[in-house]
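Quick heads-up: it's one chain on its own, the form predicted alone, in structure tokens.
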Amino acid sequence: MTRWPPILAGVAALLLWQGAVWASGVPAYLVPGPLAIVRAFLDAPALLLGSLLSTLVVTFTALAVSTGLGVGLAVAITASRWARAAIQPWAVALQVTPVVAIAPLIIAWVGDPFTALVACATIVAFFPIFSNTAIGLASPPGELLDLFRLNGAGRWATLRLLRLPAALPYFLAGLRISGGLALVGAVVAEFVAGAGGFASGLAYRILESGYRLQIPRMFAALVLLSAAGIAINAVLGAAGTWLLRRRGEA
């Protein structure tokens, strides 16, 4: 029963939107109706889906890089106070720096468009994985840590057998957040790259459609981006739930 209300509300909103467009006679280059958006997608499905694939490749590459960096640095700051003092302030500084401000510099310095887009998306997606994993690694109760010490477990054995399993729910939560942020970072980077002449991804199609006043196609690209973000969030959430249930956790 909880699945039907959002579906019915969405259908009602689309019907009201289409009815308002018909009743007001507003031109499609200002506010297109849902039917015009569907027609715009059907006019060029290969173009829009190909651009979506390009954006998703950047998104998942950045998510993989963010996962490796986030988990590696979280383990480092857990294992060493010196590493924590050296890494954590710079990680916070990187997180609070607007990627739209530094994306032109990254694109100019890196040169290769794909690598530059991945770097920008990684900056956006990195911090939730890093911070959540670090919190999870520090979450085991003190009595369990004392038990490991009493049984002669070393630092790395404690990390492998206690801290990493305890950090798994935190890591999965951070991964789900970073999945959406990686898509956001990829789109922001593609906007900057598209303004500079690099044709890549759905963000470029949005810019192109805006310049040509093809507003229905712009909305179609926005719908595809929203659907991709929802799908990424749902898949990562379902994968995390399955993994935790397999481990016997609620």
Partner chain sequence: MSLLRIARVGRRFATGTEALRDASLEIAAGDFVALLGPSGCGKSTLLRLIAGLDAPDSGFLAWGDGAPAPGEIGFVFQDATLLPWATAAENVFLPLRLRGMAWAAARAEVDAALARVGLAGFAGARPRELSGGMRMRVSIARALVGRPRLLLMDEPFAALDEFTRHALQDDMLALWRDARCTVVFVTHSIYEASFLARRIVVMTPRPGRIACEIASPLPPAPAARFSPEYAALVGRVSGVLRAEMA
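Since we're looking at a predicted model, the values are computed, not measured. Numbering follows the first chain given and starts at 1.
Not pictured, yet referred to below: the form predicted in complex with the partner chain.
**Student:** For the chain shown here without its partner, which stretch in 68-76, 116-124, 87-95, 142-150 has non-hydrogen atoms within 4.5 angstroms of the partner chain in the predicted bound form?
**Tutor:** Selected stretch: 142-150.
**Student:** Could you spot which one of 157, 138, 100, 105 gets a heavy atom to within 4.5 Å of the partner chain in the predicted bound form?
**Tutor:** Answer to the contact question: 157.
**Student:** Within a 4.5 Å heavy atom cut-off, is residue 110 in contact with the partner chain in the predicted bound form?
**Tutor:** Because no heavy atom of residue 110 falls inside 4.5 Å of the partner chain in the predicted bound form, the answer is no.
**Student:** Might residue 83 be said to contact the partner chain in the predicted bound form, defining contact as any heavy atom within 4.5 Å?
**Tutor:** No, residue 83 sits far enough from the partner chain in the predicted bound form that none of its heavy atoms falls within 4.5 Å.
**Student:** Can you tell me whether residue 177 touches the partner chain? I mean in the predicted bound form, with a 4.5 angstroms heavy atom cut-off.
**Tutor:** Heavy-atom contact with the partner chain at 4.5 Å: absent for residue 177.
**Student:** So, residue 173 and the partner chain: in the predicted bound form, are they within 4.5 Å at any heavy atom pair?
**Tutor:** So residue 173 does not count as contacting the partner chain.
**Student:** Counting only non-hydrogen atoms and a 4.5 Å cut-off, give the residues of 154-180 close to the partner chain in the predicted bound form.
**Tutor:** 157, 160, 161, 162, 165, 166, in sequence order.
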